[in-house]
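Okay, so here's just one chain, in structure tokens, the form predicted on its own.
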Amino acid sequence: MGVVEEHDGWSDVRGMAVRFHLAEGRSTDLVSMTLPVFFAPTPKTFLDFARKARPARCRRETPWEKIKDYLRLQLPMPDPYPGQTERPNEGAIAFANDHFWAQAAVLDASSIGAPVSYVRADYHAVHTFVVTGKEGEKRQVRFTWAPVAGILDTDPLKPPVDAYLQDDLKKRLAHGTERFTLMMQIGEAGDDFEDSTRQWPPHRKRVMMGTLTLDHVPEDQQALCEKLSFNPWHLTPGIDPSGDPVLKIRKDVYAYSSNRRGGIPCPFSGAKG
């Protein structure tokens, strides 16, 4: 799924991976994206979705076609960007119209917009994790990075601009720091702990866990960014994966991806650094 070409100004999902360096040489990862929910509840349904959402030739729907979509309570097709000839929207929206559990993520992904900056978007770890307190009590939680600068997207009525996100980040950090707050949402009885397509109610208790401060952009993007290997199963004692089947398969998928792209070996890849 997805398009190979990068377009900073197009409506699309962005991701952020953070590694925490802990005492005694230990570390743990948190992998997140700008959607609050995932596209499918199981590995098989996600494979079905990915096959249907492969990029294909796109066209602009007529106003009448959009009206008919609304009357059928279906998602209308967003207009292509100038020069855009293919995208995953057609297949993804058709799939979501037939599978209710994909609708929230597909709707968000097709209308999420483009952030004015990497530090003006929120990032969700999506899956549920199980944290254990000092008295042995366990809680099901989800994590979100909230930008201290606030969330802001570009104006969808203006022509999209490309190749500005990296430059914006460098300019911001050349004049100061940017911060994210790590928020932990605590699940309650009745919340789905094993289905990442289902969002929890907004009034669930949230706990501020700390602050991430960005102060510079590494010069060597390949060695210090692109070649790094993160894994949502790279956890520390006291934080465990839930029974979410999509989270379970991501352990091996991330390790396979790391090996295939020649990255620094993932902790679960079996390769030696």
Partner chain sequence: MSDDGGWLNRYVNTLPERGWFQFLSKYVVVPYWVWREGKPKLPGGPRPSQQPSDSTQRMMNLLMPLKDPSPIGRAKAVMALAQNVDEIYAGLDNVGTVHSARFLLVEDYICMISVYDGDFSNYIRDFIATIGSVFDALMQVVEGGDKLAPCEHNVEAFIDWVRAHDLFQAPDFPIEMFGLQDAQVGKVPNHPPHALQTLPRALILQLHANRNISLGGGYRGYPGFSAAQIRQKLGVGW
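Residue numbers count along the first chain shown, from 1. For clarity, a rigid core is taken as the largest C-alpha set superposing within 1.5 Å between two forms. On a predicted model such as this, the values are computed, not experimentally measured, just so you know.
In what follows, reference is made to the form predicted together with the partner chain, a form of this protein that is not presented.
For the options 133, 202, 150, 176, the one in contact with the partner chain in the model of the complex, meaning a heavy atom within 4.5 Å, is 202. Though the partner chain is absent from this view, in the model of the complex it lies within 4.5 Å of a heavy atom of just one residue from 209, 67, 225, 217, which is 67. None of the heavy atoms of residue 54 is located within 4.5 Å of the partner chain in the model of the complex. Residue contact with the partner chain in the model of the complex: residue 80 places a heavy atom within 4.5 Å of it. Not displayed here, the partner chain is kept clear of residue 165 by more than 4.5 Å at the level of heavy atoms in the model of the complex. Using a 4.5 angstroms limit between non-hydrogen atoms, residue 74 touches the partner chain in the model of the complex. In plain terms, the part of the chain that comes close to the partner chain in the model of the complex, with a heavy atom within 4.5 Å, is 189-197 out of 133-141, 113-121, 167-175, 189-197. Shown without its partner, the chain has 80, 81, 82, 93, 96, 97, 98, 99, 100, 103, 104, 106, 107 in segment 80-107 as residues with a non-hydrogen atom within 4.5 angstroms of the partner chain in the model of the complex. If you fit the rigid core between this form and the one not shown, you'll see the Cα of residue 65 move by 2 angstroms or more.
Distance between the C-alpha atoms of residue 104 and residue 63: longer by at least 3 Å in the model of the complex than in the displayed form. The gap between the Cα atoms of residue 71 and residue 51 is larger in the model of the complex, by no less than 3 Å, than in this form.
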